[in-house]
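Shown below, as structure tokens, is a lone chain in the form predicted alone; questions about how it binds or moves come after it.
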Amino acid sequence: MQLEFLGTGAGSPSKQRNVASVALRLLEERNAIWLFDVGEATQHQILHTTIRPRKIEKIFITHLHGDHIFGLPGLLSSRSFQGGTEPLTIYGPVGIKRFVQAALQVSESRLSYPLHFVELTDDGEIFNDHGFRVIARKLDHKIACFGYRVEEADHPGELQVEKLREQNVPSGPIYGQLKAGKTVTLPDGRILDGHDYIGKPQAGRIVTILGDTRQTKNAIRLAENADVLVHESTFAKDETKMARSYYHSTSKQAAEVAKQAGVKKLLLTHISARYTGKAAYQLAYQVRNIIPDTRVVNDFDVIDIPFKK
């Protein structure tokens, strides 16, 4: 599981940062990519990565401001040209279906795959296939805006092969039966319960990706005990009044959300073009006394999300 940032800027593209989009790479887990927001020129950014549009399975839109959705029609069309045939589902606030359908109809674009929409009106679970679960909650922005919490199911414990070898249990189909938790009778008469030879389950990972927002309790709820929190940081630590006026957050407010939620790693994105070079990285430096593992991400950064030790 990895996060790959395709756009980390706010409002409009700059030479340093494209507008909002982040990919959750689930290639090992489900051979798929999930996108969160698709700002203008996201498909151009993808050309500089190893992401294949046909692998994009789901797209989660936080809100309908242009810097978060203007790249959608082009990406959807290109997915057809590049061999995409599997269904794709778009989640987002009411209006996302009308926007996409209007763009495709006016441009007479034909897709080679089924396109589904799930328009959100309230908080709650929006996806669950027992491998992954996604929860959406409303944030505090000028228009309807949602944050997303992705929960991975726990992984079964590993078969304790060394323990079996020490007890002279012959390898082969027996190991598979024990790993499945079955009770097995050996040729010498011993009876083994598979549960006695399976280690503790590995806790699944949690990733929280928020849209544009003021400080709100729902952000904390979405981020509770997450392995990684992706939070906007449109304004610097002391620009609280500006942040509130424009319905955004400061780097300090993002760090406070992370601390209250028990998050270990905070990734700051949606960086204003006012902050370039060292000024952008200061957004992280100024809050590391709150969350030591805080980082301002750049376009094309790839962040691994390891299992908890």
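The numbering used is simple: start at 1 and walk along the sequence shown. Not measured: the values here are computed from a predicted model.
Although not depicted, the form predicted in complex with a further copy of the same chain is the subject of the following passage.
When a further copy of the same chain is considered in the predicted bound form, only one residue from 215, 78, 177, 202 comes within 4.5 Å through any heavy atom, namely 78.
The single contact residue among 64, 27, 261, 51, judged by any heavy atom lying within 4.5 Å of a further copy of the same chain in the predicted bound form, is 64. Remark: residue 98 counts among the residues lining a further copy of the same chain in the predicted bound form, judged by a heavy atom distance of 4.5 Å or less.
Among residues of the shown chain, residue 12 is one whose heavy atoms approach a further copy of the same chain to within 4.5 Å in the predicted bound form. Although the partner is absent here, residue 294 lies well away from a further copy of the same chain in the predicted bound form, with no heavy atom inside 4.5 Å.
At a distance threshold of 4.5 angstroms between non-hydrogen atoms, residue 74 is in contact with a further copy of the same chain in the predicted bound form. Remark: of stretches 276-284, 252-260, 36-44, 53-61, the one touching a further copy of the same chain in the predicted bound form is 36-44 (heavy atom within 4.5 Å). For the partner-free chain shown, just 18 of 16-30 comes within 4.5 angstroms of a further copy of the same chain in the predicted bound form, judged by any non-hydrogen atom.
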